[in-house]
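Coming up, as structure tokens: structure 1 and structure 2, two forms of one and the same protein chain.
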Structure 1
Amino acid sequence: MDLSQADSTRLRRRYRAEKRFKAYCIAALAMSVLFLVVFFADMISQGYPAFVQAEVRAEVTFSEQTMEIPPLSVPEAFRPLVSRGELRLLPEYARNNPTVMGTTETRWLLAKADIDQYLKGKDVNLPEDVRRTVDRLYEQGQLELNFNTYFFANGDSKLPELSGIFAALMGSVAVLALTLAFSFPIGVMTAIYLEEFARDNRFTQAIEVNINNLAAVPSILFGLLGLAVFINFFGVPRSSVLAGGLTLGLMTLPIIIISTRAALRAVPDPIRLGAFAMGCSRWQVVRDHVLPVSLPGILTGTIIGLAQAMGETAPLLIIGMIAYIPEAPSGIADAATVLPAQIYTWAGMPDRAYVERTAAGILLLLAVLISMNAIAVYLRKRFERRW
């Protein structure tokens, strides 16, 4: 009887411990979800204003005099509101469209950053007469917040109202394309050799250990390696697409090798044995049977590795891709910047208008990373074979 009571007591204790552990897990999950909600809410609230920009509707006169002195092309009452960058673009527009010379057009012109921030409810230091002018034009419909096409069409700029993400986005695409072209074939072929052809000896074991260690190395060390090998030794142009792609390729290589080996290892042995029984060579077995079956896992690991590379900043800072680069690269030797580096640059700018662009850049980067991970999940589910 005493033994039965003791067993019952221990059983109740185990059940209570199980319930407490389950409650702790639910609390941890709820806290994680809460942090994610707060993070996205904060990013969206700060980044959304960057997708709209203040514009002034004014009469623009195109003549020889106004093109020599661009501010004269805009009525005097609007000059304190219009961005200096917009005024510099008017002569270029007239040169590209000679038919507008001698005419007057009604155009939406980009407003200054402090005017834009004032319309968005931010506390900015504006003279009282300018505030009254802004309020009057806003009530009359001559000053509005419109969709910010400059953010998606322009590169970086010293004027926050003209700064955009286009150059960094194109730089990221170019760097990732070169990263894929460098790391994918080398990584896949290395994994195939180690998994299907290499003998199990101390040499191959040492290679495997080093590959696993490289996958855990801090990314900034790959930046130092890229600086020493590609830039200082081989003379690759600093801040170029080539330097960035090769450096990120080194960082992505261990991930592709490990994921490819895992995908190859997941292929059932009867597939190999059946192919050998039909007289296939080892290369034919790998090429015609093992690789097609393991391809979804290889692609998934590759996309996840590229997504990780796209979010890296530290190695690219070491090789100089943090410089002021307003134009998208036109070749692999051209200077370029990438989304994380552009976000890092904006985060350090003193002007408040860059704060919303920093948050908007983070939202765009998150959207790209989530999309790449979604593609990886889709490919795995779409082509996965169950045995």
Structure 2
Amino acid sequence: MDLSQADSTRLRRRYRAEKRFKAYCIAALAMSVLFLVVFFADMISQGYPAFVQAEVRAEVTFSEQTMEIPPLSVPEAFRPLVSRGELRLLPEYARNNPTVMGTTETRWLLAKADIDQYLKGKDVNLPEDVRRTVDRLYEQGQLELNFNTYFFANGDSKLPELSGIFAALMGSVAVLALTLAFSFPIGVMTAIYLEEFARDNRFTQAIEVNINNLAAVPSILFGLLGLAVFINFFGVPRSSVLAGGLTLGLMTLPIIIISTRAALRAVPDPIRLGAFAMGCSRWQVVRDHVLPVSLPGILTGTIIGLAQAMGETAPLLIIGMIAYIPEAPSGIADAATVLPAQIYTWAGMPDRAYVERTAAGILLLLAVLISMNAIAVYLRKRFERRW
């Protein structure tokens, strides 16, 4: 009797411990999920205001005088509101369209970042009379928050209201194209060598160990490599697309090799043996039989590797891709900036108006990365073959 009672209290204790442990496990998982929710909510709430931008409707006068002194082209009351950058563009517009000379037209002009931030309810330092003007114009519909085309069409700028992500996006595309052109062929060839051609000897094992280690080397060290080898030794221009593409290419190489090897290994041996039996040479077996069936797996791994390269910043800082670069690159020796580098530059800007642009840039980067990964998952699901 005593014995079983002692037993049952101990059993209850053990069951409580069991429940507790399970609760810890669930809590751990829930914390990761909670973080993700907080993180995305924070980024979206900080970033979405940047997708609209304040614009002022003002009468613009084009005359000889306003060609010389652009601020004179808008009525005096509007001068503290309109962006300097926008005003500077007016004479050029008039030169390109001579018919507007001597006329006055009503146009929507980009407002200053301070006005924009004030309308979005941010804490800004504006004189009282300007606040009143802004409030009045906003009620009259002379001042509006419109879709922010500048953000998607412009490059970086020293004026927050004019700065955009376009140059960085083009830079990312150019750098990634080079990364792909460099790391895809070499990575796939290495994987084919290791899986299909190499004998299992010391040398092959050394290559394997080396590749696994390379995948775990801190990315900043690839930046040091790029700086010392590509820029200082081979004389590749600093900040250029070529330097960035090569550095990221070396970084992506191990990822592509590892995933390609996995894809090649998944092809069952009877396919190879059958081809050999028909008299194919080793290369013919690989080219005509192994590669075609493993291609979806190889592409999936490549896209995931590229997505990783797309978000990488540290090595690019070292090779100088954070300089002020407002133009999209037009050749591989041109200076370029990339999305994450642009985010880093904006994050370091003292002007508060850059914060929402940084967050918006992050949203864009995350959207690109999520779509790349979604494509990879789709490829895997759609073409995956179970043997």
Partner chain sequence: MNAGETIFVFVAGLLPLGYVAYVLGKRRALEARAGGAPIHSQPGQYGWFSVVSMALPALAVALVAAFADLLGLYQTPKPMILVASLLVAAAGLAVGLRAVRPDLRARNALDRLIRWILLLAALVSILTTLGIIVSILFEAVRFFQLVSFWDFVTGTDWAPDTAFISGAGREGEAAPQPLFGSVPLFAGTFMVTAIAMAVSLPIGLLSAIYMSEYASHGVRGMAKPTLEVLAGIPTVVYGFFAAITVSPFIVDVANSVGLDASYNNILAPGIVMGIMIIPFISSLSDDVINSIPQDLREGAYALGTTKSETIKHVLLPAALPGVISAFLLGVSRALGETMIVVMAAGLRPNLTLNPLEDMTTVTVRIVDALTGDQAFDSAETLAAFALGLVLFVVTLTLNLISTIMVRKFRAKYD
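Whichever C-alpha set is largest while still superposing within 1.5 Å between the two forms counts as the rigid core. Not measured: the values here are computed from a predicted model. Just so we're on the same page, residue numbers count up from 1 along structure 1's sequence.
- Each structure shows the same chain on its own, and structure 2 is the form predicted together with the partner chain.
- Picking from Gln140, Gly348, Leu87, Val33, the hinge for the rigid motion between structure 1 and structure 2 turns out to be Val33.
- After fitting the larger rigid piece on its C-alpha atoms, the remaining smaller piece is found rotated by 19 degrees between structure 1 and structure 2.
- After superposing on the rigid core, the C-alpha of Ala28 is displaced by 3.0 Å between structure 1 and structure 2.
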